[in-house]
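Listed next as structure tokens is one chain, alone, in the form predicted on its own.
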Amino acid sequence: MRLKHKKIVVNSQKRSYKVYDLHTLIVGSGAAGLATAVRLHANGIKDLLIVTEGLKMGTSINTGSDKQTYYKLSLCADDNDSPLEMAKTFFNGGAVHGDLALTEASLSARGFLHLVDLGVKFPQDAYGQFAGYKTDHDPRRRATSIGPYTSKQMCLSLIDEIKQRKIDVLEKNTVVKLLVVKENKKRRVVGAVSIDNKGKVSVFYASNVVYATGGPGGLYKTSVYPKVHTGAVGVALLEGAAARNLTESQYGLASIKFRWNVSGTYMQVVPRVISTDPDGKSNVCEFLKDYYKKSGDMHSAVFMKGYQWPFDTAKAIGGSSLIDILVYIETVIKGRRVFLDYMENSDGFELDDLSSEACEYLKNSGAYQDTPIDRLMHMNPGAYELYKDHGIDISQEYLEVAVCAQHNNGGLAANHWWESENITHFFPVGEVNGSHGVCRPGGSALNAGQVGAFRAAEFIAAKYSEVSINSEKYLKKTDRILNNIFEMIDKSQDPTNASWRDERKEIQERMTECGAHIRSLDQVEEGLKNAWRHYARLTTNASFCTSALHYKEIFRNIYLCFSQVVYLEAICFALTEGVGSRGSAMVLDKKGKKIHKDLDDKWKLMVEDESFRSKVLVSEFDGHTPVNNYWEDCRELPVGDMWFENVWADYRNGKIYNS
């Protein structure tokens, strides 16, 4: 279908912009957004448009790890698995609604096999069984992978399908505003506004909006999200979209010159961990040695970071996550730089001194080689080639790392059909959807994105197939919104304002300092006050831009700063309520439990109050301060009537879409 638009003049400012009328708008082109477009088309919804910054932008197509995991229902040998068993794994992670857990488990095989049918070559044996392995927080062998670029290949296969189906894609556009109105005493989305790379504004009026904008990658200074991915959860938060579990994110060691998780084999080959002065050369030392009595214990902890890559407060005292804390102290507190050295072993490294688990793993893998790089080349040569492809030869140079933001377990609140809980016709899918809780199995986010695509598409086709929105009905109502956007663009041309890059830097440094994996109430409260002040400044003065290409950046700063406000409000609320340290967020408290005897008293961990695992934290902004935060009891795992005749009847008459 050829894109259709009509040019409209905004009378009050004589500005022109394009208007599009369509059935369903998909914002974002990661694995979840692309899959939703494919499933909508397969369900008979043809009037579609994907609006995106670019098909090669975003997290899904630009990230991975040594062996990027896709988490699915076990489909191999005699593994004793079922949707309910998988749902229990999700649910037992804490702060998860049971109906969402069961839905993600029930559609797991369907979403996975859909990708297989599209050409993603997940490994199988001669009999068609899909082999699996255990990932973090996984009691069964549900994980699979095609190597470092699992999500990238998912995107490439989905893009091929998009092209085959001739689904329209509009690239080089950044959505900066959602259009939300009140209708029948409910709030519903009616479209969105974007700015392209030439500074031109477009308005999309749509009966449904699928929102697939990913996690808040642009919020953090130390981040493993690709630089081309910023995230846009703040656009929805500004319109009052309910969110859940914004406190729960995932952090871990990652390289920073080229952003990539150093999980799995990168740590299992036991590289030497060193720090230097800011010049990257002087005063090289193996700083971990100061905290381990035996070199074998230290090397075993480094090995375990491969298995236990995400920073986990449960493993902070006497576990492998102590390494993340020590790296943080070395980089943030002491101002030094930390590197992984694959060229030589750490002093005192002996294979037989490792823990039995580490020693057995390396011996079973035939990893007897003399140096970490030789062990890596033997076990996973693709992990070496990946860095070399990006201009880093770890056989010849150090690999700089830091503790980085990696994934947001929380996000926008939606029901088990992936429709927003408080804005109708609005479907957040992928990482922007907050279906996860405190702990999730590694790779489960990729499963959740595909499940969300199936659910949103099926519901839209079943309940919202009629066209219910058109531009003629809403042009006057959105005129003021467009005027405000054009006024902000005009303000961005004032050279007396701070540059958008400086404003972005301030936002990111604040979030890494007080809202990442190391938290304290005093710091969060101070950061929250500054975030509110910063947001007020940005909405008054805008950020200075030197070209039309950067007009979108002033709006990114506004919604990034506002998302920071909402996230910090949620974190502050949780700390005040006494949730304590859990998941990937450690709360410092002078009355807490000391992390290590050789660290000063600042490094005491507030113990988790596990009663909060049975609750979900909901955050809503109604246009007033502060943000409304409240607890919601976790909905239990559904115990449905699976009598076939009853299920068949409910399915035939469409009753399932009303539950």
Ligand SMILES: Cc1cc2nc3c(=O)[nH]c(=O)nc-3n(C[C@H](O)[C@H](O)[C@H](O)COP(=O)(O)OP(=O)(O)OC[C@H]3O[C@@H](n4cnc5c(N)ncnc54)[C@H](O)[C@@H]3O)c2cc1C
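Numbers follow the displayed sequence, beginning with 1. Because the structure is predicted, anything quoted here is derived from the model rather than measured.
The form predicted together with the ligand exists for this protein as well; it is not shown, and the discussion that follows is about that form.
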query	finding
Among 319 to 327, 339 to 347, 373 to 381, 401 to 409, the region lying within 4.5 Å of the ligand in the predicted complex by heavy atom distance	401 to 409
Output flag, Gly94, Ala585 and Leu605 jointly within 4.5 Å of the ligand in the predicted complex, heavy atom basis	no
Proximity of Met57 to the ligand in the predicted complex, heavy atoms at 4.5 Å	yes
Distance check, Ser619 to the ligand in the predicted complex, heavy atom within 4.5 Å	no
Phe204 within 4.5 Å of the ligand in the predicted complex, heavy atoms	no
Contact flag, Gly452 vs the ligand in the predicted complex, heavy atom cut 4.5 Å	no
His229, His299, Arg142, Arg244 - the one with a heavy atom within 4.5 Å of the ligand in the predicted complex	His229
Option touching the ligand, based on a heavy atom within 4.5 Å in the predicted complex, out of Leu102, Ala531, Ala516, Leu446	Leu446
Residues of 26 to 53 having any heavy atom within 4.5 Å of the ligand in the predicted complex, listed in sequence order	Val27, Gly28, Ser29, Gly30, Ala31, Ala32, Gly33, Val51, Thr52, Glu53
